[in-house]
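Only one chain comes next, encoded as structure tokens, the form predicted alone.
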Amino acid sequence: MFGLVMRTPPFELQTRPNDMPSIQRKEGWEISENAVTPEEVFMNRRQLIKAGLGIAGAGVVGSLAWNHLNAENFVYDVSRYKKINFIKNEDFKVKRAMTEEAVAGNYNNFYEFSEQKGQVIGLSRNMKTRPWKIEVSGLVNKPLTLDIDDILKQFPQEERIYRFRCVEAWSMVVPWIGFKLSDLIKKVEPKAEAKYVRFLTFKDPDMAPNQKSDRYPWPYYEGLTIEEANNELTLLATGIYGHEMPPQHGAPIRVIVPWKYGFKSIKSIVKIEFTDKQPKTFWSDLIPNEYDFWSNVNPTVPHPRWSQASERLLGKLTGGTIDYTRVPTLMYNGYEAQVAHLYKKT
């Protein structure tokens, strides 16, 4: 057995002018398709938060995760996942290389299954995602409950290439497939007093073994303001890398909020609720001095235990090694032109 390690290519800041968003620029989110993070690398995150390893331990995260996968001899098999119909939205690209699917697919944070990134893909392998109902309720005029297959029929699916930034200071470039959350919001017609949107994931300890742990307030819950939920970037994702969403990525449907740290993009949603009060959020309840409701990517505000000024951009898997480049973290993860107005004080 050989150990897989993180390999750092020659240091590149990658501070090309076109990659730095500005209010004047039309497409501050753009990235080239070659820059998307491989899927296997994308699938690991949360144990570091709780374990307190922080950036000091971040350099070994990839090595630990891949060693574990190698020990289990588990191989990411893309043929398991159905292709879905979608169009490519060329307005959403990124001027960074896409992460290799094999990397994103094995490098996951999904605490419901495990606190170890490398274990998630195996433990979630047989997750049951059909039937799967999503209830949309609360302060709306037209509450509804939809099955995931109804959603796929009713809402045209599109591919968007987004940066994905973890609070642990690693990142990927990922081709998500889904539709705007605002399209669903229009359908349910929120009432005037609805100011926030609360999201809830599943609870099934028999399927997700770490939900048997009483250390966490399961099921996972998150929230956005209604303005954030209606933003053009906010996606309900049903697929990735050209196929349906694998379990370790949050099958069958999850939220993607690309200007916030990844834990805000809640996985495996079963309920969306509109409310007039700011909802509590999972990590803010657990560690309030480290994770707030907003959790916007901001390189000038360090985590209490590590810097957020730069990140490890995960790329390819080469000879048992995950290649990565350390790059500067962009304000709002590079989406400042699209979202900064949401946070201006009036």
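What you see is a predicted model; the values in this text were computed from it and never measured. Residue numbers run from 1 along the displayed sequence.
There is another form of this protein, the form predicted together with a small molecule, and it is not shown here; the text below is about that form.
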Do all of F86, I161 and F179 end up near the small molecule in the model of the complex, with near meaning a heavy atom within 4.5 Å?
-> no
Residue among Q119, T238, T201, T234 with a heavy atom within 4.5 Å of the small molecule in the model of the complex = T201
So, in the model of the complex, is F274 in contact with the small molecule at a 4.5 angstroms heavy atom limit?
-> no
Taking the shortest heavy atom distance, is W259 within 4.5 Å of the small molecule in the model of the complex?
-> no
If you check in the model of the complex, is V173 within 4.5 Å of the small molecule, heavy atoms only?
-> no
Mark R254 yes when one of its heavy atoms lies within 4.5 Å of a heavy atom of the small molecule in the model of the complex, and no otherwise.
-> yes
Segment that reaches the small molecule in the model of the complex - one of 111-119, 131-139, 145-153, 225-233, heavy atoms within 4.5 Å | 111-119
